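In structure tokens, one chain follows: the form predicted on its own.
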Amino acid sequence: MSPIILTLKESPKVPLEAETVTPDAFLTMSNEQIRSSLVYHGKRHCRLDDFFDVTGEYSDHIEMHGDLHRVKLLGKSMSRGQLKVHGSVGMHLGADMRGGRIEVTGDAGDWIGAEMINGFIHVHGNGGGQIGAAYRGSLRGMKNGTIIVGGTAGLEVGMRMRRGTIVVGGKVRDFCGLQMKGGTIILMSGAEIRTGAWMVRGTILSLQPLPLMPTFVPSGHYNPSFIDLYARELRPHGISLPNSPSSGTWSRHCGDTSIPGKGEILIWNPALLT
């Protein structure tokens, strides 16, 4: 099945809401139907082909080209297929996603995979804040699935997430894992302050030292077997997790005891070379 290719003609002057761009919708659409799909440029109703050249039809594989940093809501609620963006993309990528795969070669804005139910998102560049998080007023963030961000990330990563996995390659800003209710966050380069604030359950792994809040209680050193499962799952995506007793151990910290919560933060302590 040949992909449907959307090529941006010129960057929109105000954010373009394009939640109609999903593999679910395009699978049953002719080229003309795709080109006439409704998008919102500010408050104006527009056709998709006002902004994109469109080739292909009847496919759940979409490829997009251009600087889409002002294009929002791509892949919203998608449940199948693949969406690949060759460039950067705007806010709410894969929000409420239910399945399928999204890949972005550049950066992405805030709310990547917000409240997603399932699926896989890989952003090779930097991500914004609230990755996999709950929207304001909502009690639960992502419920399953995997989000990988190769670069840095902003505030409140994984806020109120329930299940699933978030991996961030670069440094993460404040309040990572805020009010976390389950799932796993893996920090390859550590985070700033207030990591795990008010977390109820879940696991945060950090390969770099973290400035922990005093409400997290030290609880020993060990090499948990479940990390080997994550390492096996993430290895095909170029992510390596250490867990050998000969190379180091993980220090465990339980909290947030101000709730009191039953979450944990594990920090990697490499063995000293002699």
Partner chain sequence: MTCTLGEVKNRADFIVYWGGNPAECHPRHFTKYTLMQKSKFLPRGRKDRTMILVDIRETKSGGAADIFLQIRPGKDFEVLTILRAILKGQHVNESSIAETGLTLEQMTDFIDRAKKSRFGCMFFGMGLSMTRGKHMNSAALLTLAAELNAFTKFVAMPMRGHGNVTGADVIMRWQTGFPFGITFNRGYPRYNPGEFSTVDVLVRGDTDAALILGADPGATMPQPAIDHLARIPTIVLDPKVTHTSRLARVHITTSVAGISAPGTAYRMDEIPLPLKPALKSPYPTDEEVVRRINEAVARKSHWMPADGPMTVLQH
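All figures in this text were calculated on a predicted structure; none of them were measured in a lab. Numbering follows the first chain given and starts at 1.
The protein also exists as the form predicted together with its partner chain; that form is not presented, and the subsequent description refers to it.
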Among 146-154, 161-169, 188-196, 118-126, the stretch whose residues bring a heavy atom within 4.5 Å of its partner chain in the model of the complex is 188-196
### Message
Taking any heavy atom pair closer than or equal to 4.5 Å as contact, tell me whether H237 reaches its partner chain in the model of the complex.
### Response
no
Check: Should K262 be counted as a contact of its partner chain in the model of the complex, where contact means heavy atoms within 4.5 Å?
Finding: no
4.5 angstroms heavy atom contact with its partner chain in the model of the complex for M213:
yes
Non-hydrogen atom contact D24 with its partner chain in the model of the complex at 4.5 angstroms
no
Looking in the model of the complex, the residues of 4-33 with a heavy atom no more than 4.5 Å from its partner chain, listed in order, are K13, V14, P15, E17, E19
